[in-house]
Ligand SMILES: NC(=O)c1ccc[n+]([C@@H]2O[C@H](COP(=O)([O-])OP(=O)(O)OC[C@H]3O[C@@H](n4cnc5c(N)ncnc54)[C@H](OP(=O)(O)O)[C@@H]3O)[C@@H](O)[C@H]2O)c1
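Just the one chain here, laid out as structure tokens, in the form predicted alone.
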Amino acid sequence: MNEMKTKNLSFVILGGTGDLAKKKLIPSLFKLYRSDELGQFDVIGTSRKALSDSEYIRRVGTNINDQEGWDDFRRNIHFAKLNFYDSGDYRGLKEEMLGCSDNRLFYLATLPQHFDVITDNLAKHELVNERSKVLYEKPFGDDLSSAQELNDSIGDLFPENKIYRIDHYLDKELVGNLSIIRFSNSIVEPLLSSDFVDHVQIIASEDFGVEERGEFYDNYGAVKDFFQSHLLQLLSLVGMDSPDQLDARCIRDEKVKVLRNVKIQNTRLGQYRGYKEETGVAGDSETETLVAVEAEINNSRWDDVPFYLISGKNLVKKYAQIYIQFDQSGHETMVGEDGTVPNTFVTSIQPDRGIYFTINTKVPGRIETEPAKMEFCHACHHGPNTPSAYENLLVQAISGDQRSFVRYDEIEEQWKIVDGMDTPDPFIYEPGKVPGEISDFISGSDWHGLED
């Protein structure tokens, strides 16, 4: 954790009684408090329904398991009634904040259709000052047109250095580690190109369905909920050239260059059996719960290297990784009939966190090879309780570091890719299994680890 401790902070959660506030934001702030990262602070939660401070604290404290220090922390939590569309409620919020720090973070933990009116009212009532930042939860828009309109309307009111568009995958520890491994190790970076790489797989599999998010998910689906944001961001991190510096501007400049050159070659969509019976889902829904994509990056670095991306619900296991398979060495005949396995470079994001290379080694006493892992185990080295993605994001937002947040042009390039995709009718697949419709998707290979 970096040195971001601040003497004063006001953290305002717009949509303060939702799942995100209860499951992620309040627990993350509490962990930062326990690790002495917050200093003096106030948390102000809002919702349309009037609540007392104690009622609000009771609602958002349900996901606090280890309560050591909770009694002290919750004294800094307050509540303000706020209907997003009622101008008078913003005046009430402003009054609530009179005794709080002017170092303000406004977190829009709500649906994107509310972003415009909230932003407009924050500006109109002068709640956003020189020291403020405004954080926008994904999804940011529904398509390219809506994302552009949203960027334009927000950009008219706030400068880009105050705008923090969230993609929580970007600050998972192992995703952040990927750039460091690439650009600080001379044995890695030169190998990541079409001269050496056979193909790349980016996998994000879940072993559960939509749960309580049926109504929301049915309006978005796997393409807009996961592919447009998380998978394309991971692709841009793998595909980017070395930035001049590891700062927000340079990293995001290089990611945009990648996204502008992404071409979709093949798409398959699926829907798990029983999805239409989920709460909040339309009985005749054609929304996809699985997306598999073959893409290419049309530049000199990655020309003709296929990138295979997949995200799906109700598959075999909860699993996320970036798998890079290198070309065969060309010397397989030297080591007997069995030959060698391809070398690989793997970033495991969840559930196991780590990075490893697969190489070929000699079997003792025989002129044969066997694969071996050269592995970095994150938990073994740093322990199991490293900061969560939301803790990292909040730390960076408080300190004004935008590296792990998405810039306006990244968002728009991602939506251009999605808007240009073919969207075939989804096939039906059985929960808990890898669908046969994607088992032959990768030429000459399997989805790594997904079918184990």
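The first residue of the sequence shown is number 1, and the count goes up from there. A quick note: this is a predicted structure, and the numbers were derived from the prediction, not measured.
Here the subject shifts to the form predicted together with the named molecule, a form of this protein not shown in this document.
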query	finding
Distance check, residue 111 to the named molecule in the model of the complex, heavy atom within 4.5 Å	yes
4.5 angstroms heavy atom contact with the named molecule in the model of the complex for residue 404	no
is_contact(residue 47, the named molecule) in the model of the complex, heavy atom dist at most 4.5 Å	yes
Proximity of residue 442 to the named molecule in the model of the complex, heavy atoms at 4.5 Å	no
Answer range among 288-296, 209-217, 234-242, 149-157 for contact with the named molecule, defined in the model of the complex as heavy atoms within 4.5 Å	209-217
Contact residue in the model of the complex, from 138, 172, 224, 313 (heavy atom within 4.5 Å of the named molecule)	138
Residue (of 78, 168, 260, 125) lying close to the named molecule in the model of the complex, criterion heavy atoms within 4.5 Å	168
The named molecule in the model of the complex - contacting residues of 77-91, heavy atom within 4.5 Å	82, 83, 84, 85
